[in-house]
Structure formats: structure tokens, C-alpha cells
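Here's a solo chain for you in C-alpha cells, the form predicted alone.
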């Protein structure tokens, strides 16, 4: 049995094939262009491997309601060519295979909770900080969907007094978390590529201020056992320590919990499976769908 896995991102699509035990058999990456260009290549890949199930973790927003006529669609994405696109239906077309479908960050959260840095935790938040900001939330072992699915990247925040772009860059909300702390905001703040800056550049103190507000809000509302910070922006190791310290400052001793007060380095962490957390999670989604299908046929 072979399980196809797709981590569908706004910049690239990562496709993989796994066996039932989770061994990766093949992986490729293709740019996310228009559906007319990108979809045929992905369909051909999974068809050529004759996968028995498919797991999809997709950029969003997406429709996760199985009873909805637009289940599996990408909906109000800023990527206009993919807006209201029947993503999952087009991938499987008329093939009768089990499919697991969720957000890309929920897939990453599943992977880290089952196989990675949050193994053994039932309540986990995985946040990716890159071109955008998204969060996968697991409560009591289940990913949170609700009315749509969490859109943590669009939380509203206090503005740092020294921020040169207090208006933010989000086309929908301006100064939301994504508009202030995602990669494009970092670039707009420094007028170039922030990856070339030294660790002590003041823009990173501003970045840590916003990400720490996010961590405080997550802690006070969801009370997870672990917050996992992934994505390209978090590859700067010095930033993680700044976020932890700023989170402690903002909490100001309000939460007297051993894990936070004395072991913040075990509470706010980076993923163990990066950069394939989302792809591994998509494999797990496909495996779950296959197992559920098998149980249903008994």
C-alpha cells in the first residue's frame, strides 16, 4: 500500500509517497503557479505512483466541512488564481481512494504531536512564521476546525512604539500579526531582505515583541502543553530566545506554572521535523483516511 502526501504551500507544492510504516519512497517539489500549470503535474505524480490513499495539507483558507458542497476547496486566499478553487476534488477527480484533507499547519501540528517535538502532548499549537503566519491547533488530540479553521495569523496586536511600519502590510487588516511579523513585514521594515541582517538589528526586537504577544495570547486562551514555532523566519536561532524572554516579560508572573516559569525553553520550541513537518503530517492524514476506510468496509 502506498500513501500520497501533499503539502500545498503558497510558494511551492511538496509531494511525497510513503509506505504504511512511514518510510518516504519519493519526494519532489514544484512551484505554486496557476492551477492550470501546477495541477496537471501533481495529478500525474500521484497517478504514476498509483497511491492507495492521499493526505493533503493545504494553504488556505480552505473549506473543511465534509457536508459542504465546497468541501476541499481553497476559498478566500490572497492568491487570486486559486481563489474558490476545487482543490481536493480536482486532485482525486473520479478516483475512489480515501483522502485526508486539512490545513498545512494542522498537518504540521499532527506530525509534531505524533512523531516530533510535541510527542505525548494532547494540546499543542504549531505556528509557522514565513511568507505568512498560520497556526495548527490540537486540543485533546484533535485538530480544531470549528466554523472554518483557526486563522491565528490575523490576530490584532499592540503596535511596538519604534515600529517604522505601524500600519502593517496585510492587504485585509493592515496591522494584524501577519501584517506585522511575517516575512514581508520584516522586509518592509528594513527596506530589503532581513535574512542579511545581523542578530542584533533592532528589527528583530520588534519581531520578538509581536511573536511574544502571539505566544501570550495562545497561552491565555488555549493553554497548550507546547507551542511549536516553525517556518523560515524562525530559522534565525537568536530570535527564539528573544521570543521566550519577551513572552516571560509580557506574562509578568501571572501564570505560576512550572513549565513556563522555570522551563520556558521546553514550552516554546522549534519543530523536530522541519522542514518536512507538513509533508509528514499529510502522510499521517492519508494513513488515517486509509485506516478509517478499511474499518468502514469490515
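Residue numbers count along the first chain shown, from 1. Predicted model, so just to flag it, every value in this text is computed and none were measured.
Not on display, but discussed next: the form predicted in complex with a small molecule.
key: Among the candidates 233, 268, 56, 53, the residue which, in the predicted complex, approaches the small molecule to within 4.5 Å (heavy atoms)   = Partner contact (heavy atom, 4.5 Å) among the options: 233.
task = Select from the listed residues 77, 203, 217, 131 the one whose heavy atoms reach within 4.5 Å of the small molecule in the predicted complex.
result = Result of the distance check: 131.
message = Does any part of residue 224 reach within 4.5 Å of the small molecule in the predicted complex? Heavy atoms only, please.
response = Residue 224 lies outside the contact set for the small molecule.
request  = Considering only heavy atoms, tell me if residue 195 and the small molecule come within 4.5 Å of each other in the predicted complex.
outcome  = Residue 195: yes, in contact with the small molecule in the predicted complex.
query = Heavy atom to heavy atom, is residue 183 within 4.5 Å of the small molecule in the predicted complex?
reply = Yes, residue 183 sits close enough to the small molecule in the predicted complex that at least one of its heavy atoms falls within 4.5 Å.
ask   = Which one, 235-243, 256-264, 60-68, 34-42, holds residues whose non-hydrogen atoms are within 4.5 Å of the small molecule in the predicted complex?
value = Of the stretches listed, the one contacting the partner is 235-243.
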